[in-house]
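Heads up, the chain below is alone and in the form predicted on its own; it's given as structure tokens.
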């Protein structure tokens, strides 16, 4: 017969692996011991975890035992399991996304021609976020990749379809209104230059 230490180690491993209450009879059968002895070992484990103040506890549930987290560490578990705030898109990412949304399908070269600056990393970031995707290849020289927006883009921005995007004239009017309201005379959101071409 195995030692007490080995039996309790096996019970720990079995509870961890099973992830739900481990029936005493099943545990006893697996280790070839009596139900009474198995129950006694589970109770010992329960006491050890409690006395040592561990982050896990052994809880009895109707003739079965399982691991649960200690109420003492609840705040940490809550922080771990609460999704962190999503990062906002940078100004350059918004510009590239606007160009793709309005001109799609569009190549990287066409995007860079509008922005006047390379955008490889921005495209990669937008792809990783699932906001844009490759939608084909251009018939042009070298058959460059064509980019378009995704359903994720529509969901995040509250559109039912790409046809719901505001018209270029609406954006230009909004920018002009903002210019008039801005005391510094600077345009803080200049989307029309990116998409009007």
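Every value quoted in this text rests on a predicted model; they were computed, and no experiment measured them. Residue numbers count along the first chain shown, from 1.
The form predicted together with another copy of the chain is left out here; the points below concern that form.
- Exactly one listed residue, out of 54, 36, 43, 137, brings a non-hydrogen atom to within 4.5 Å of another copy of the chain in the predicted bound form: 54.
- When another copy of the chain is considered in the predicted bound form, residue 48 lines it closely, a heavy atom lying within 4.5 Å.
- The shortest heavy atom separation between residue 31 and another copy of the chain in the predicted bound form is within 4.5 Å.
- Residue 22 belongs to the set of residues with a heavy atom inside 4.5 Å of another copy of the chain in the predicted bound form.
- Contacts to another copy of the chain in the predicted bound form (heavy atom within 4.5 Å) from stretch 13-35: 13, 14, 16, 17, 18, 22, 26, 30, 31.
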